[in-house]
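One chain is shown next in structure tokens, namely the form predicted on its own.
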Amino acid sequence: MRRTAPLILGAGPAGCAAAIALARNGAAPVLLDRDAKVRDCLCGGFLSWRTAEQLRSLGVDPEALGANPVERLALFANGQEAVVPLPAPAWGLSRRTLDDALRRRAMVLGATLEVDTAREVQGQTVVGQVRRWTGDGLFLATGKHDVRGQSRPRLSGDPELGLRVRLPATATRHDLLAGRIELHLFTGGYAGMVMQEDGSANLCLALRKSVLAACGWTPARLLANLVSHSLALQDRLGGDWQGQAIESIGAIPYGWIAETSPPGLFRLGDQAAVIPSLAGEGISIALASGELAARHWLEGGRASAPAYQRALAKRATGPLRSAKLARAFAESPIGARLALPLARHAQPLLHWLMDSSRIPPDAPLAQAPAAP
């Protein structure tokens, strides 16, 4: 066993999956995160059937955490609705609960959690507010948030933004959302909504920068505009949404893939491959990238980072391509008009799109070692 374990920057799904895989094989990784206690992240909340399989193999069971079962997808556009069954059961689970379970699992197996805020990455050294951090390689797992020194490129003049509102549990929302994940389509973006383990509803929007600009850069005005044109959103948001915080993240490079990296730097999750949130598969790629990076490090040390990055890019290219196609279709006026008829009358096509935007279950990337 190596005398020095790698440093993992970010204790979310990708970083914790890497820590679990490393710790299971005798390493003692250091997880570095800015928060001592888990916060509820902006992205996430929906776990596909593929993601649930990966979590169980890591020793974390969504059902045991109280996750809300999801069996159907509901599409909304132009005042109409289409409901189709999912290929397999999925789950609604808050990132706070998921990340806390993964973090605890990693620490039980031998990972160490350190708390510091990363100011910059210099090579494979993290410059924090408290001190400088190094290890036998750096696993970069900071999610959609870039760190100075290792920023991802911006791919569009009209980039995607993300907004999130967490709506409190009510009987009306429970009745409307029970067993469902919903996608509300509008020109320039879409809104996803799913009920979580405590009965609250997670509303996440992905939209073009120009859409928010047309509403005076005011997220509340944007939501009010969407609600005024959608009875379905009116019913679900009710009258209490305006009292909730609206979180945001800007310039998300959906579709970007890191095709290589220098020795010692392992890019994980959204720092490696940014799948459009429409596919609901970001957590799956995060978990799989963490496990694959750990496997490469265990076999070849820090020198294996370039080979890992190429392997991840090869496996993720197909799913990202399918998800980009679905996103472009969904956020266009023509796509919104056609989406519901296709969902009603061509369910095999919709299921194929769901499957093609996910990493194949027989791929090494999707396999994690069995729980001890």
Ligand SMILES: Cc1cc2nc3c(=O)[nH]c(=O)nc-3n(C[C@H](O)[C@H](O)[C@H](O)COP(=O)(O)OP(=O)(O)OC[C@H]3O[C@@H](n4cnc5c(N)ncnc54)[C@H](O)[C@@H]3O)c2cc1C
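Note that residue numbering begins at 1 and tracks the sequence as displayed. All of these numbers come straight from a predicted model, not from anything done at the bench.
Below, we refer to the form predicted in complex with the ligand, which is not included among the displayed structures.
Asks: Is it the case that Lys209, even though its partner is missing from this view, gets within 4.5 Å of the ligand in the predicted complex, heavy atoms only?
Replies: No, no contact at 4.5 Å.
Asks: May I ask you to state whether Gly44 is within 4.5 Å of the ligand in the predicted complex, using heavy atom distances?
Replies: Answer yes; at least one heavy atom of Gly44 falls within 4.5 Å of the ligand in the predicted complex.
Asks: Please determine whether Arg104 contacts the ligand in the predicted complex, using a 4.5 Å cut-off between heavy atoms.
Replies: Residue-level check for Arg104: no, no contact with the ligand.
Asks: Using heavy atoms and a 4.5 Å limit, would one call Asp33 a contact residue for the ligand in the predicted complex?
Replies: It does: once the ligand is placed as it appears in the predicted complex, Asp33 has a heavy atom within 4.5 Å of it.
Asks: Only one of Glu197, Asp136, Asp116, Asp100 comes within 4.5 Å of the ligand in the predicted complex by heavy atoms, so just point that one out.
Replies: Checking each option against the ligand in the predicted complex, the one that comes within 4.5 Å is Asp116.
Asks: His296, Lys144, Arg236, Arg166: which sits within 4.5 Å of the ligand in the predicted complex by any heavy atom?
Replies: Among His296, Lys144, Arg236, Arg166, a heavy atom within 4.5 Å of the ligand in the predicted complex occurs only for Lys144.
Asks: Where, among 228-236, 74-82, 266-274, 168-176, do residues come within 4.5 Å of the ligand in the predicted complex by heavy atom distance?
Replies: After filtering at 4.5 Å, what remains is 266-274.
Asks: Taking only heavy atoms into account, state which residues of 10-31 are within 4.5 Å of the ligand in the predicted complex, ordered by sequence.
Replies: Read in sequence order, the residues that approach the ligand (within 4.5 Å, in the predicted complex) are Gly10, Ala11, Gly12, Pro13, Ala14, Gly15.
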